[in-house]
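Below, in structure tokens: the form predicted alone, a single chain.
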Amino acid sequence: MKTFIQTFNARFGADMAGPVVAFIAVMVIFGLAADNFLSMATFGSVAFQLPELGLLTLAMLLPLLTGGINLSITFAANLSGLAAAWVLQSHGGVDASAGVFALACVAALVTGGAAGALTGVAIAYTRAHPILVTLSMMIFLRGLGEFLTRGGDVSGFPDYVAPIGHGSLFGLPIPLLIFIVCVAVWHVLLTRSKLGFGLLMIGSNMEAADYSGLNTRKIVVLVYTLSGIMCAIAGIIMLARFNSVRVGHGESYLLITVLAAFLGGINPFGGFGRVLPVFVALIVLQLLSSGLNLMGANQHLATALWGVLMIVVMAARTIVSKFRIFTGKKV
């Protein structure tokens, strides 16, 4: 058994063990408990629902790796969607051309990037705690969005936008393909770029990163700017899927993104983590949600289970960490 664990860790990484075990457990438990769980309908539903949560989790991932957090991701996504919707509504609405939609996407990316950059500048140059800064940004973006929309929805977009939210290409959902591309980009960024190395250094020890010559302020600003851009991509997907934009879309995803990151082996204090285990963790959470729905569980019960699962994950990681320190060996 020990040899198997060592071989698995050497090939896939120790942080992949938790998500894989959780995946197997979910598949076995719900496969036995729900007759139609192991079906193409379930996996198809997961494939369409995964990208929104997945993109927002990627937006949360980089700040977490620096030892920070971004509590404004859902409202940055919605405000980016509002920027895209405003461009479309101002240039024909349902009759807007493909060129206008491209301009709308640019507007969304600029809006998300700007929100992230402002957050990053505030954190980098004031050294205020990321929780306080991003909480303030969350309140600001929510209030701005509600002011611009009067608390209502913005809807009425061209028909060609809808497939981006729930269309298919080569038998795979288009949102899922976009998400997979973003996962690949984040993986390369963290493993093959100076920025990836720098943000992990900052998460491990900010002072040591400063003394080593890294421009920590620049890295922090870039991290939150990229987080905002990923929020904008999520906002575009939500716009296309719901054919409307509202300030509260996806608000419930916030804490689930943190849960997915921790389940995927991200160190809550920063400095360590990979994208691929988080990707598996996202699949596990979506399968868990689908399994509960098939069993007729109340949505409020499902929400409570997210909180319980987060506590269990954090407790398990603490126990494993203390065991490693006590034994002086790697499990």
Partner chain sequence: MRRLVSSHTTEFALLAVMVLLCIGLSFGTDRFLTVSNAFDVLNVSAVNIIFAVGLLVVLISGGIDISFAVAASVVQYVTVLALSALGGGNWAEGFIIAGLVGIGLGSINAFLIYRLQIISIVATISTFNIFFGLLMFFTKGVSIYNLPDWLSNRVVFYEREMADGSWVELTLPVVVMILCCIATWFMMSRTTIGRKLYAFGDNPEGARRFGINIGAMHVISFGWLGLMAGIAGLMQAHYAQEVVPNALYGRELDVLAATVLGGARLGGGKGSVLGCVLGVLLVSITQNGLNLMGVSPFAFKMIVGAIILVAITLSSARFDRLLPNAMKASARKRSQRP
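Positions refer to the first chain, counted from 1. It should be emphasised that the depicted structure is a prediction, and the values quoted were computed from it without experimental measurement.
Absent from the display: the form predicted together with its partner chain. The rest refers to it.
In summary, the region of this chain contacting its partner chain in the predicted bound form, judged by heavy atoms within 4.5 Å and restricted to 34 to 42, 47 to 55, 283 to 291, 259 to 267, corresponds to 259 to 267.
Proximity to its partner chain in the predicted bound form holds for all of Val133, Ser136 and Leu144, with the criterion being a heavy atom within 4.5 Å. Although the partner is absent from this view, Ala25 stays clear of its partner chain in the predicted bound form, with no non-hydrogen atom inside 4.5 angstroms.
In the predicted bound form, its partner chain stays beyond 4.5 Å of every heavy atom belonging to Ser90. At the 4.5 Å threshold, heavy atoms of Phe140 reach its partner chain in the predicted bound form. Remark: Ser252 counts among the residues lining its partner chain in the predicted bound form, judged by a heavy atom distance of 4.5 Å or less.
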